[in-house]
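In the block that follows, a single chain appears as structure tokens, in the form predicted alone.
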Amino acid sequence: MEKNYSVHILHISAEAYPVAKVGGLADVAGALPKYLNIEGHDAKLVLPMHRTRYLNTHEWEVVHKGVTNMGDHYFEYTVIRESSGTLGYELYLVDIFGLLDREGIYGYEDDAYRFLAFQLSVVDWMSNWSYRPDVVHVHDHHTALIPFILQYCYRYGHLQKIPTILTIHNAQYQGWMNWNMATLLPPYDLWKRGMLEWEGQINPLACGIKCASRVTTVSWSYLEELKYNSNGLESLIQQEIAKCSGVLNGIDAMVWNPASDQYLKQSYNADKVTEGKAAAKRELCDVFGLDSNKPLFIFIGRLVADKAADLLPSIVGESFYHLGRKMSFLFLGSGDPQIEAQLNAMNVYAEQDYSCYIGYNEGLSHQLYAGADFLLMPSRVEPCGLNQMYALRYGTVPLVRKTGGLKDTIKDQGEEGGYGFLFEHASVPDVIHAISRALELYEDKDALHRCRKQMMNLDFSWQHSVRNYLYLYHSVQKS
């Protein structure tokens, strides 16, 4: 691969850690620009100006004020830049009064308008900015209309030749819009109207797949799965497969490192994994009233059907019934109110072997990875998954369903050199069988110690993924 020149990349996303986070998209969007810059390139990131804590604890400077429109509605937008540069890349936030000035990232009735206004503001700013990126890299449906706007909206014809990359983090969410919103776009070539449409609606994700120079998914297996299971986009993925590739996500090994983790009272490395995890586990169990002598199984993530979180109550109950109360469970997450209520209700029956924390807590998630023995990921859909890679980094054995990025990153204990547990179906019996296998490993302290050391020495850092993205960036500049 050529490395004799620096590539200038503008990333555009709805969320990014540590500024605003809901899921794995934030971890990727917050880390990839940093590691591109470490490799000697110039990556910048643009986000909506969500009213998060990060906004109020950092210094900012206004770099642009502009006016653009959605149809007949003209609005002002402001672009600010983070002043310290401590993230390792230039961070820009776009503010639009009444649309982006909210604490939440998603979940509003006018989300379609909010993210359309964000995208139009970003492109309008680009058209007035002296900086010209070599590549624009957009993430998921919230920014997937930008390739169309750059190519086919007359107002931005001078930006038409900038190549674009679309990364699909989760194809289940596509940003569907009614056709009346087509009038909110800047005037465009009406012969290209079909680029916006999929199955009778404006579909931003489908539009991005059609219009982007290249499309990536966040693991190799997820790309294969999308050909047959992509929430209605199967035939489109198959049609556009020549420009699609899977690039496995990495993890930020600077942030996720038990040897220097700011959230841990006692650091540890692979050589001290047994002692370090034991100390973290005792501390965690003291806080949540659990028995630290039992193997600890955790779940961290959104409490939604995609993650099979609806199975968690039955997994706990059936495990105790079939295997005995010889293990503990501790869950961290938020999402479906019904699942939240079920998990909270189970606290009544806990006997130092079950607890849950409903909500988002970044520090606690680090402590859970450090203190747990096993991680549960029974996901129905898992495009890449970062949790299993965090778990490996902290010496916590993952129990994962054989899907998407999970099967690309975890090798079953039953195979030579295996370091985790894979199961076929997102079902309670399959998970319980995996738990029974994990209990056997837990009883063999020497085997458990070897497994932990092996996992902690695996490398899922961003350096590998960055090289793959750079190959794509170079290829679209030449085409």
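Because the structure is a prediction, the values reported are computed rather than measured. Start at 1 with the first residue shown and count on from there.
Below, we refer to the form predicted together with a small molecule, which is not included among the displayed structures.
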_Going by heavy atom distances of 4.5 angstroms or less, which of 243, 302, 294, 81 would be at the interface with the small molecule in the predicted complex?_
302
*So which of 164, 403, 249, 174 gets a non-hydrogen atom within 4.5 Å of the small molecule in the predicted complex?*
249
*Is residue 31 one of the residues lying within 4.5 Å of the small molecule in the predicted complex, judged by heavy atom distances?*
no
*At the 4.5 Å heavy atom threshold, is residue 395 in contact with the small molecule in the predicted complex?*
no
_Touches the small molecule in the predicted complex: residue 14 (any heavy atom, 4.5 Å)_ = no
_Partner proximity in the predicted complex: residue 25 to the small molecule, non-hydrogen atom cutoff 4.5 Å_ = yes
*Determine which one of 202-210, 155-163, 340-348, 383-391 lies within 4.5 Å of the small molecule in the predicted complex, judging by heavy atom distances; exactly one does.*
383-391
